[in-house]
Each structure stands twice: as C-alpha cells, then as structure tokens.
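First, one chain by itself: the form predicted on its own, in structure tokens.
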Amino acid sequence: MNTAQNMPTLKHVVIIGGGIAGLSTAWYLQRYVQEQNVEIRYTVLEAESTWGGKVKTTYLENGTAQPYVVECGPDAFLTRKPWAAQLADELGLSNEKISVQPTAKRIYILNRGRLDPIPEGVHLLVPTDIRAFLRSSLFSWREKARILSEVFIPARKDETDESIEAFVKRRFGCAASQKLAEPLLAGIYNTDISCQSLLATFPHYRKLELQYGSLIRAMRHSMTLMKPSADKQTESAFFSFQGGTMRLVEGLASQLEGQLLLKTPVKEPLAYQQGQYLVSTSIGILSADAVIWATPAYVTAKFLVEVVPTATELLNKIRYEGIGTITLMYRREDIPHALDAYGVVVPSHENRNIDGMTWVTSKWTHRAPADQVMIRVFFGGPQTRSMLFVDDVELLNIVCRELNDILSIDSKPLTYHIDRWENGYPQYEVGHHLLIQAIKNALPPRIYIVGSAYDGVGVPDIIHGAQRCAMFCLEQLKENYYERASTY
C-alpha cells in the first residue's frame, strides 16, 4: 500500500467508498493501467475504520481450535456469474476457496407450519423434472396443473417492464407466486415482488419467454444441452473461503498499490474548478481528474447536488430497505432436526417473524467445531420490517420461539451474533433499468457510479460493474475526454 503524497504530473482518480465495489474498481483500474502502461494514480477513501462494507466476517472464539466464522453480510458467491471467482484467482486465493457441501442440495419451504422441500428439478421457480414435481407435497393437484399449464400460456410480446408478481402469476398462477417466487426470487433482493422489476432482476425470464414461448420449455431445452457427461463433475453453485467472504476484501486491500485512506469521509459536496473535481475530505481537499462513487445512491446524491443536481434528483428515487441477521450456535445434540438441507425460506402468508434461515454448518465446512451447529436467521424483509427495530434481547427471544416452533429447538444457544444493516438493500422496482440509464446519462464527464444499486445486488455483479467502470474511466482519461460520452 502506497500512501505517497499527491503527484500533480499524473492524472488522479478518486474512488469514494471502500466496500467491495470501490476496492474492485481500484483493483481493475490498477490492473488496466499496468497492462496499458498508462500513468494514472488513484486514491480510495473510506469513511469507516475497516474495508469491505457489507462483505464482513466476524470470528468468535469458543475455546477450541476452530473459532466460529460468522458472516455479517453475504455468505457465498455465485459461480454461474464468474467475476468473483475470477477475481479470487487473480488475487491468489484459489487454494482457500471452498464449495458448498454436497450432502444437502435442497432448501425447505415453510408450508402451513411444516417443512416441505422445494421439488427436485425446480430451477428457481421453473419445474424441469415433471415427475419429481408431481410427487411434491408443496402444491395441491389443482396448483400443479396450473403451473404445468404454463407451456400453453401465450408469450407477452412487448418489451415493457413488469413486476415479478405480475409475471409469475401470468405464467404460473398465484400459488407459484406465493410459495416460490415470493420467498425465493424476492428474498434475493429483499423486496416486495409486487414492486420488484422483472427486467432489472431476472431479465432472462423475459428473453426465454420471447424465444421459446414458455419458461418450462426453455428450461428443459437448456437442461438437455447442459447435461453433464458421466465423467464430468457438476460445478458447485456457490463458493466461499475457509476464512469467510472477508478474505476477498483482505486480498484486495493487501494488493492495492494506490493511496488507501480509512476514516476519511467526504465532508462537502463535490466542486468543479478549472477542469478538476475538488473532493473535500476530513484531511483536506483532493484534486481529481475523475471521481468514482462507490457509495449507496442516497450518499452519492448528497455529494453531487452542486455539480449535477439532475443526477441527485434521480439518485434519490432509488429506495433502500434494511435487513438483519442473527447467527446462533448450538450443540448438535440439542437439535432434534437432521438439518438435512441448506436452510428454510418462509413465505409471507405463514405470518412469521422471520424471513428464513441458513443451516450454516450443513452448507459449509470451517464454520464451527464438529460437534456444534450454526443457524443464521434472517429478518427485516417486506413482511418483517418491524423486527429491525426490536432490541437485541427481545429479538433473541422471538427468534428462539420461532426456532422452537419450526425445528423443535428448546435449548438456549451457546452464543449468538446480531447484524443489522440499515438501508442495506437498494430496491429494484419496476422501471429500475430505465432509471439507472437516466442517471448515467445525466452524469457529467469523468464522474462514474458503481455498486449494488446499479449493477445487481450480488457480489459477482458488483465486481463485473467495477470492471466496466474502471475500463470506461481509463479510456476517457487516456483520450483526455472532457465531453459527455455514452454510458458504460
């Protein structure tokens, strides 16, 4: 890490925000500059005392050689989207990667108080194994008939956006919307499916509908093409690290060569003077040729109000909601349930105080001693927002009652850890993709935005957005570009 003073002969990029978006952008800017032998330096500013933002892992001692490895934010990276795995390899973390355990490749749905597994062969919400789907106890025969009749529903031909709820009800019926789409698809984005944008969150569903006329037909065709050979091992859907997701952040921070400043918040709105952006921070004013905002949209909006008020107005249209988790540790002998899955999702019509749970030690190794289990419970979703404001003691009591009712756990946990992320999730509402395009069109030259509000809430999507942002910034600086350009 280089903390050298400003060198005015070099073009200077200031990256504001030291979460995974800001650090990844710095990494790819650094890499592209080195590959193209360009003289550009960068500074990363982070208001907090640690790097990583919501990608955070806590280690709790328990008197054994294996501490509890507790994820405070995301617990995994999707392998289908390769950008997180590629970054880990670039950082030399390949040997630390771990895959989800193969012993419990299923998820339960709480259905009328009982745990029903998601039918085998259901890809998110589309049944691809009809026989397994018909054997499922999750749906009535009438509901199964409606879902399978999707192959006869005419495709919608126009390209306008619609909500996830409207799309799923139109193609699969109400039961699929309530029992699958709401807890699974909306759960990923922590949003209400009646508002959640199809084109901003699951655009491939619309593409499959247009191409094949039916999602069931499309998925079965895709599964046939992708069927692995007998001698080829199926790739795990997710990966993490032995030491937790924080290892990706640590790998980035240790290998970035620019100026990295913790506890250095931006203090005043961005200013522009004589071709330079002036970033006012707690340690003084930094002059920048380009500024990359890797902060939540509402934070970015506050600091762009003087330079580009139109973008500020549009950024403030992106709503955020909070999310919380409580991770509990138990002795294995105190858990009557087999915990033979990755976890449980809870539809809103079950009227519970939690949104779901991950059975962490069923999903991952290296998270707790062998004779103990770790359960991570989620709250703060569309139907449990009030739980975010319950004090810790009452929260623990409520969650323990839910675990007793669902899993018959009547023992107290050995210990627990609570995380609350106020305004932690941007809401991808209908028309979101058009809003983001309008925001980028409104930005002046050499100001860029990157992060979960724009590129997708998953870490791989954020990293991919960082790649594009870094390359676009570099190309404009190489060309001395001072006029508005097409968005990245």
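As the structure is a computational prediction, the values presented were derived from the model and not from experiment. We number the residues from 1 along the sequence you see.
What follows is about the form predicted in complex with a small molecule, which we do not show.
- Of the candidate stretches 61-69, 435-443, 29-37, 453-461, only 453-461 contains residues with a heavy atom within 4.5 Å of the small molecule in the predicted bound form.
- A residue is said to contact a partner when one of its heavy atoms sits within 4.5 Å of a partner heavy atom; S177 fails this definition for the small molecule in the predicted bound form, lying far away.
- Contact annotation: E46 falls within 4.5 Å of the small molecule in the predicted bound form, judged by heavy atom distances.
- The small molecule in the predicted bound form comes within 4.5 Å of no heavy atom belonging to I292.
- With a 4.5 Å cutoff on heavy atoms, A470 does not count as touching the small molecule in the predicted bound form; it lies far away.
- Contact with the small molecule in the predicted bound form, defined as a heavy atom within 4.5 Å, holds for exactly one of L328, I323, V122, A301, namely I323.
- The partner is absent here, but in the predicted bound form a heavy atom of R376, alone among R206, K144, R171, R376, sits within 4.5 Å of the small molecule.
- The three marked residues, D192, V430 and G465, fail to reach the small molecule in the predicted bound form, with no heavy atom of any inside 4.5 Å.
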